[in-house]
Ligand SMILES: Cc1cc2nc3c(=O)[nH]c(=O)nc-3n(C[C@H](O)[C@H](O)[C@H](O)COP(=O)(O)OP(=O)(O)OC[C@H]3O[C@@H](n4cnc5c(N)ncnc54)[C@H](O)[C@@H]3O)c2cc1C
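Take a look at this single chain in structure tokens; it is the form predicted on its own.
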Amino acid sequence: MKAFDLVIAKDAAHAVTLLAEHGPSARVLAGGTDLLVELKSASRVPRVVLDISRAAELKGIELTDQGLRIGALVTHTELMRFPLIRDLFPALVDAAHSIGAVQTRNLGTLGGNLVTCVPSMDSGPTLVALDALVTITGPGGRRQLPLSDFFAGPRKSMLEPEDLLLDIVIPKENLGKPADFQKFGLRKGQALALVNAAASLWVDWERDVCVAPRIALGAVAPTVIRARAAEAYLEGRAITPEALAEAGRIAVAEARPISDFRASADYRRDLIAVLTRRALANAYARATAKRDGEKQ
């Protein structure tokens, strides 16, 4: 590993100032689970590594007027253990549990995982399926955008060199929305996804039809994507096994899987159909269980 300067930010504003000062020569250090691996193997080591782990504004999970706010520095383990997350969004717990090993989950942060913009990331699809927003701060102030628009390409986000990801917000209208996360890898643990899928939906129980369905897919395109045609097909449609299977088939046509040493594109297409159907079916099952529990 080549030498670099380590600078510690006192808070988010200080971090933005330091990023503006050092520009593209600086890299941000949060949990370090991705960056340290990169530093050991990269031919171009940054001149400055900026440690943001002390920035209190980037921590914590809380309900706000806008919805559920998750700080960018929240670790995967914290996400899994937080009672509000476990109650409202068990799919987020499932996704966090599938990331690496215990040590990785203890150190790795949600924001760090998202900023890597790896198409096979496990944290992205469920949040995209819940219409999550990201808050970014920079020299010009703060701004928000949908998480689905945050991913610009493989390992490329919408962050400018002087920008910092502050938090992730699940909108108030989606609090408690039934959702499910599915992942298929070559082994049970510590594996990159060949395909992952997440789905969320509300149910109009008077008509037993799907409302506001969302389907997000990972490892099937240059970024995590929404299967918008499959969503449109399900909107207002009776929830049946046949309809969910058809949504899976439609999602296949929206993806652009590749063939590589881990799987062929055709195999990934089969996985997209299966995992999409399973995620939708499990989201519906969670909605049913929630309704039945409220009746008791």
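Heads up: residue numbers just count along the shown sequence, starting at 1. It should be emphasised that the depicted structure is a prediction, and the values quoted were computed from it without experimental measurement.
Another form exists, predicted in complex with this ligand; not displayed. Remarks below refer to it.
Using a 4.5 Å cutoff between non-hydrogen atoms, A263 does not count as a contact of this ligand in the predicted bound form. In the predicted bound form, this ligand lies within 4.5 Å of some heavy atom of I99.
The shortest heavy atom separation between D34 and this ligand in the predicted bound form is within 4.5 Å. Although the partner is absent from this view, K177 stays clear of this ligand in the predicted bound form, with no non-hydrogen atom inside 4.5 angstroms. The partner is absent here; in the predicted bound form, the one residue of I239, A255, L29, I250 having a heavy atom within 4.5 Å of this ligand is L29. Residue M121 is the only one of L194, L79, L133, M121 with a heavy atom lying within 4.5 Å of this ligand in the predicted bound form. Partner proximity in the predicted bound form, defined as non-hydrogen atoms within 4.5 angstroms of this ligand, places exactly one of 85-93, 214-222, 197-205, 161-169 at the interface: 161-169. Every residue in the set L58, T104 and N113 has a non-hydrogen atom no more than 4.5 Å from this ligand in the predicted bound form.
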